[in-house]
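The form predicted alone is given below as one chain in structure tokens.
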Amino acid sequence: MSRQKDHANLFDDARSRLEDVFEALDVHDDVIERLMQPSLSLQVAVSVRMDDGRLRVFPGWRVQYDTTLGPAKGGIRFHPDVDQLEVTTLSFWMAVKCAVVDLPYGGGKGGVKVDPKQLSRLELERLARGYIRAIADVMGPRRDIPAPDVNTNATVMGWMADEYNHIVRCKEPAAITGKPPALGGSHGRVAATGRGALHVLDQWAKREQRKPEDTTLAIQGFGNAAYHFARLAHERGYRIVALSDSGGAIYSSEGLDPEPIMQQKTQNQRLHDLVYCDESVCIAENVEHLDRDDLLTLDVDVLVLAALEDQVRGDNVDQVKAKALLEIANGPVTSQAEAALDERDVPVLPDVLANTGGVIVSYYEWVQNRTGERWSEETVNERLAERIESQGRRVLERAEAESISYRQAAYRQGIERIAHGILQRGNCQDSE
């Protein structure tokens, strides 16, 4: 099956989750019509002069799915499998998740089809700046605010912010979030996605009367968000027994400390290449090497999905033995797989709630940039905890009260807010 076809299915699968939401909320036909396609979809060609003098052109996209509640907000990913349908799906999820946690944003997303590992640092910078030149007409602090995503980070956002400042000939730090602190970035932004996911896990564990020290975790996708989640979860007392990256997985029933493992991974690139115990240092004991996908089949309390979309599907869901799933990545569990998990009473803590920590702190960065304030990391973390816990509590309580899944509760909370905004804008013949 081609990757393009996968992404077509991904978008259809994402929209299919709206059907029961629309029915349960008795949503107006105008709202349904508006939310079944993006408001704006832009395709661009980004020309990059390579270090050897060749010119290469990379296709890129920026999609604004819905901006009813505010300017579009969403990251930019650099990945060889990116296409328009994937970016569209991601922008749809962003619209929902911003509404779930009551942010004054709509949903946006961007992407460039490129393998950034094949680029030098200067080529990567030229690509980042070229992408901003290509989309500058549809972005800005009151229209569409990009942020980091897969294979982009604070450094890349800094290049993009600088390029945008050159284009508009003034300082507009609020045009892009996830920047380095020296360029107006917020303290606490780098760890925000992982920190927010841990708050959601803690809320669920408390409701289930489950203690962290009695809860085992297997974490797929040991990148930035997963690392900070793992580090904070380990400090909280959760027992992390498995980690994976694109090259493979490691397992230890005695538990893994993610901090020294990430330090080694930064130098050696892949978990499989690390030396866990030698004559001078032992960063983990009794480590077993597994194939990457074997991590999904481990008998653990919580399977944490922090890689890419479509990881748990209809063809492998029967092999999942975890008692609960936590989505840090976007869309890692398909609707077909979730239906099977629901039949087995295996809850899924959904992405549209669990990974909102990043966009929440991006919102705080945007607020600081627009007001000229500088908040401490402690203040940012406190405000993140307050928002995600209050909105998360509403989702968990709604799921219990209405006897529905956590995802259904989250979608109802988000779509309810978007639908109300659409109707309040007027031009609807029979709305009150």
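Heads up: residue numbers just count along the shown sequence, starting at 1. These numbers were taken from a predicted model, which means no experiment stands behind them.
Below, we turn to the form predicted together with nicotinamide-adenine-dinucleotide (NAD), even though it does not appear here.
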Using the spot nicotinamide-adenine-dinucleotide (NAD) takes in the predicted complex, and overlaying the site C-alphas onto this chain, is the pocket open or blocked (blocked: 3 or more ligand atoms within 2.4 Å of backbone or C-beta atoms)?
open
Should S246 be classed as touching nicotinamide-adenine-dinucleotide (NAD) in the predicted complex when contacts are defined as heavy atoms within 4.5 Å?
yes
Would N151 show up as a contact with nicotinamide-adenine-dinucleotide (NAD) in the predicted complex if we use heavy atoms at 4.5 Å?
yes
Is there a non-hydrogen atom of N355 within 4.5 angstroms of a non-hydrogen atom of nicotinamide-adenine-dinucleotide (NAD) in the predicted complex?
yes
Does any heavy atom of S186 come within 4.5 Å of a heavy atom of nicotinamide-adenine-dinucleotide (NAD) in the predicted complex?
no
Just to be sure I understand the contacts: of T334, N224, Q264, Q203, which is the one whose heavy atoms reach within 4.5 angstroms of nicotinamide-adenine-dinucleotide (NAD) in the predicted complex?
N224
At 4.5 angstroms, heavy atoms only, are K97, Q220 and Q311 all close to nicotinamide-adenine-dinucleotide (NAD) in the predicted complex?
yes
For the chain shown here without its partner, which stretch in 164 to 172, 230 to 238, 323 to 331, 336 to 344 has non-hydrogen atoms within 4.5 angstroms of nicotinamide-adenine-dinucleotide (NAD) in the predicted complex?
323 to 331
For the stretch 55 to 87, I need every residue with any heavy atom inside 4.5 Å of nicotinamide-adenine-dinucleotide (NAD) in the predicted complex, listed N to C.
R77
